[in-house]
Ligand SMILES: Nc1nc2c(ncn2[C@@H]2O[C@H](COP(=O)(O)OP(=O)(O)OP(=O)(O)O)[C@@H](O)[C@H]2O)c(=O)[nH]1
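What follows is one chain in structure tokens, specifically the form predicted on its own.
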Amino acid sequence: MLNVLMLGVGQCGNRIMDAVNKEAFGGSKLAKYYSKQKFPSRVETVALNTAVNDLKELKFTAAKDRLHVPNLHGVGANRNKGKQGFWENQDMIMEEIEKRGDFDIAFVMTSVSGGTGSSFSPLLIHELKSRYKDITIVPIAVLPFREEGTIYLQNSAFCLREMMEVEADGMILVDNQYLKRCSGDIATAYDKINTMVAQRLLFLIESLDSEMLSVTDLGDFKTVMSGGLRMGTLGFYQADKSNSSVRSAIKSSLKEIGLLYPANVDAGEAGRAMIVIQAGREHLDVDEITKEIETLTASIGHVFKGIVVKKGAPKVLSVLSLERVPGVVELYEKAKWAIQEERERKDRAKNELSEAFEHINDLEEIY
């Protein structure tokens, strides 16, 4: 059995964690009090935050799975303050994780743009790597709406770089800018994005720990995620009775509309892939699956395939490692502008105040 750690760090990570628990508990808000999460593997979940109010808003995450870092009330999107908070509470944080046992794989779910998540996550990945032998660590990195503000843009740029520098075993990108098409208003879009991420992650965990006709395992997943830029994404498609072609379902799972981060597979943006098909036996035409995988291999390079027998029309999960990430490059271009803009704003404010002080340079206080 696979031993899985799922960490939701900061407000965004907490909300994805809550969506995971909602799926695992079956959607009942009361289930967290009297039932167990129905994960396919042994899964431990922790929602970690410096802001206690963010933890209090969680509806499906049990109290024992919420970890508040004391003496902090959020870090105000300040990554330097967040890092200091992590170092000061490092032993407490790691003890809470280590008492839950050993793990084969850890998912660190976070926004790269906020305060707690973007500052804690690289340091947390480093500590997990140093304390657990042979653990696979994959951050789920949520990119911000590009109009969210200059501080969020610069946080994203530095957090992404640091997570790559601590040698996470690949990174799954989730792009809010791209996914906001899910709904007209922001609040509903966030909820839908969190649910999309949760469903794909649970499907992935199940796929890595299932009896299969054709097997994909943790080693295959690591090989895929280590390809290209070590940045990847997840795609998903669920067929219905009117169109239950397994070959069509595989193709649909790779279309940009089904991906958490947009990628053009036909244009060679994917370097490696893992395709997992779940369906009833009547839908599992192995020859058709093999032909489609062979076609994909011509444009992707190497494709692992897993086939799970389970009642129903085909469901397909696609794991892609990417060789091009134009959206991330664009984010760094905007982050450069954001940093320059913040510096210029501070300089203007400082100069204005200095000019004001000059009015009393030759004067003394009179009482």
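Note that the structure is predicted; figures quoted are calculated from it, not measured. Residue indices: 1-based, along the sequence shown.
Keep in mind the form predicted together with this ligand is missing from the figure; the text below concerns it.
Comment: this ligand is not present in this chain, but in the predicted complex one of Cys159, Val265, Ile93, Ile193 has a heavy atom within 4.5 Å of it, namely Ile193. Listed residues Phe103, Phe221, Tyr237, Tyr152 were compared with this ligand in the predicted complex; Tyr152 is the one with a heavy atom within 4.5 Å. Per the 4.5 Å heavy atom criterion, this ligand in the predicted complex is contacted by stretch 74-82, the sole one of 74-82, 278-286, 244-252, 202-210. In the predicted complex, at least one heavy atom of Ser113 sits within 4.5 Å of a heavy atom of this ligand. In the predicted complex, Glu98 stays away from this ligand, with no heavy atom inside 4.5 Å. Of the heavy atoms in Thr136, none are within 4.5 Å of this ligand in the predicted complex. Among residues of the shown chain, Asn89 is not one whose heavy atoms approach this ligand to within 4.5 Å in the predicted complex. Along 37-58, residues Asn49, Thr50, Asp54 each place a heavy atom within 4.5 Å of this ligand in the predicted complex.
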